[in-house]
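Shown next as structure tokens: one chain only, the form predicted alone.
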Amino acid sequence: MRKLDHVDKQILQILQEDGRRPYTEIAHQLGLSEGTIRSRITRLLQDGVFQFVIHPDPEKLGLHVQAIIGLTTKLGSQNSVAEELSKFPEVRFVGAFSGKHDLIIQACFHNNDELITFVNERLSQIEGIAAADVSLELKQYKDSFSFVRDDEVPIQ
């Protein structure tokens, strides 16, 4: 993978604002040809720099309970626990962290009963989990996948 240049970052910033923006519009905005935009986006996709995904609102899908669960794992079990957690459809994020918790997951449920069942019946069956700390999301202020900041890439 080659290093991202200024044009690559401008393209990414534009696509973050609207991933459906036509290549012709991006080309016009940046003063480049449509072919250049198309080839750069193809390369960025092939290099795994980004992917086109949809980002549904869990609440609108009937998933009214969103939880962040911090997990303490037994020594040597972090990877195997993370692999098991990644298999659950309720879990949308699994990450290893320093600090109080070894792993933190984000999971969505239809109701509190589903969350309780998940913790008591599913998490409890995973070998290597020593403790779970469940926090419920009360209100969401930001949920974004934008990583190219406006202050880094001025668009002409």
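The numbering used is simple: start at 1 and walk along the sequence shown. None of these values were measured; they are calculated from a predicted model.
Omitted here: the form predicted in complex with the DNA. The next part is about that form.
Checked against the DNA in the predicted complex, the residues Gln140, Thr24, Ser144, Ser135 give one hit for a heavy atom within 4.5 Å, which is Thr24.
With the partner removed from view, the residue among Gly35, Gly48, Gly99, Gly62 that has a non-hydrogen atom within 4.5 Å of the DNA in the predicted complex turns out to be Gly35.
Of the candidate stretches 100 to 108, 64 to 72, 118 to 126, 39 to 47, only 39 to 47 has residues whose heavy atoms lie within 4.5 Å of the DNA in the predicted complex.
The DNA is not shown here, but in the predicted complex it comes within 4.5 Å of a heavy atom of Arg2.
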